[in-house]
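Only one chain is included here, represented as structure tokens and corresponding to the form predicted alone.
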Amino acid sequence: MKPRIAILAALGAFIVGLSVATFAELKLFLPPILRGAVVTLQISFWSWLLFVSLSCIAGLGRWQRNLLVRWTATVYIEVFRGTSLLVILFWLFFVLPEFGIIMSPFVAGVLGVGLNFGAYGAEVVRGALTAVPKGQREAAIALNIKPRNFVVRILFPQAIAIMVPGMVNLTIEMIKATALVSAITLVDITYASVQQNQLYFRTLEIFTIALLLYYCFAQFVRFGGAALEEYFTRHLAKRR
């Protein structure tokens, strides 16, 4: 499906979903859901920054030959990849105050989602780095290129094109997983939808709107990822 057709289909579906409810009731329960959508976007944005940063750091750490660095990255990945995101959120918000560490629901949500998905993303980054031909590193050593310059100028530009599809999938999953932050009192799309349904009992209309909001966010990420992948693929093709 062409991007324009997909965008029009998404917008059309959203409009149809909104038209299911009567205009009078829509004015009552739509604004709180849209305010929840703003919270979801804020959590997603800051979590995405943390998730991508940790993915690159831990993925590069797993790729290093230094045992201390590699094992530190491995411990982080296995701990946060092997535990439930919901339990991580509970630990950050409800358990850490027992040790004198208190954080707001927003900070706990961003940290929990970012740490959890950073562990998954680290393996995507490591796989992309490993996929770059080993001859590149040997050539850099032969040319006396510093390791830092090799990583920044040679390794990552080639690995980005490989890791983009996997990171896009994880970003979409991350946006949907932000629904769990409602468990630590954040009023996101999911929590706002549940609240409005308890008030007005319009299950079909309310949760259709919530579903379509998540769908539109996911499509926005997908189109952005496709544009990035095309850009880096063309860039590498020109260099060849």
Partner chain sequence: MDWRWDFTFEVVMPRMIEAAGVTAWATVASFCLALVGGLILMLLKQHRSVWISRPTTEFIEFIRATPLLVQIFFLFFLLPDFGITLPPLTTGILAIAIYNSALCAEVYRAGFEAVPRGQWEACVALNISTYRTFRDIIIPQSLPPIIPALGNYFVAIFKETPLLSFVAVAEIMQISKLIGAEYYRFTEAVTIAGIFFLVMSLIAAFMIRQVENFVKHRIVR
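Residue numbers count along the first chain shown, from 1. Here the structure is a predicted model, which is why all the values come from computation and not from measurement.
One more form of this protein should be noted, the form predicted in complex with the partner chain, which is absent from this view; the next part is about it.
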Taking the shortest heavy atom distance, is L204 within 4.5 Å of the partner chain in the model of the complex? yes
Within 4.5 Å, heavy atoms only: does T72 come near the partner chain in the model of the complex? no
Is there any non-hydrogen atom of S84 lying within 4.5 Å of the partner chain in the model of the complex? yes
Is there a heavy atom of A218 no more than 4.5 Å from a heavy atom of the partner chain in the model of the complex? yes
Relative to the partner chain in the model of the complex, which residues of 201-217 have a heavy atom no more than 4.5 Å away? T203, L204, F207, T208, A210, L211, L212, Y214, Y215
